[in-house]
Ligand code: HEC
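Just the one chain here, laid out as structure tokens, in the form predicted on its own.
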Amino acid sequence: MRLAVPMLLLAAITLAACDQNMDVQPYYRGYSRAPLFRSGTLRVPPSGSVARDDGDRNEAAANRPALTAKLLERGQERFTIFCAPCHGAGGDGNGIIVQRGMPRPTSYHDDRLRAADDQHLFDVITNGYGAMYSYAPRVPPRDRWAVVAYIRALQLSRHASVEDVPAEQRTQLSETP
């Protein structure tokens, strides 16, 4: 008998809960009036609030990582995925989209882009430029810096001089195998 009363009470609560239909719960559509808020459902965030991960993202954008072989490797990988379809594998501006009739992007070997600072290239990847859209949602800041490093490596590969080679390695260039 002692067990019967709690079991009946539990059964009554369970059956009462079954009446709730999860498909017909009240909800609000964006930009529509909501009784809870006087200004609607989409509200302006409080001043001084920071979205999740914004602080980390801003710090990564402000602090360029050290140039390493691993960073260049990552830059090449990201460049191949995101940049090569338009700019081409060598950065000449003759990617597959040009062959399909889209406008030709500027070559990275153009004097203007070779003279541009790294921050300019980072900002173009972040915000877009001309017909190029922003890659900020697709490419994290550290990967953007890696792409910038790889672009500089591409530029150096075509426009390097003997003076760019360290003195101890210049002798190896002049020796014949």
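Start at 1 with the first residue shown and count on from there. Every value quoted in this text rests on a predicted model; they were computed, and no experiment measured them.
Below, we refer to the form predicted in complex with heme C, which is not included among the displayed structures.
Though heme C is absent from this view, in the predicted complex it lies within 4.5 Å of a heavy atom of just one residue from K70, R114, R57, H120, which is H120.
None of the heavy atoms of P46 is located within 4.5 Å of heme C in the predicted complex. Remark: A149 does not count among the residues lining heme C in the predicted complex, judged by a heavy atom distance of 4.5 Å or less. By the criterion of a heavy atom within 4.5 Å, G90 is excluded from the residues contacting heme C in the predicted complex.
In the predicted complex, Y108 approaches heme C with a heavy atom inside 4.5 Å. In the predicted complex, not one residue of 58-74 has a heavy atom within 4.5 Å of heme C.
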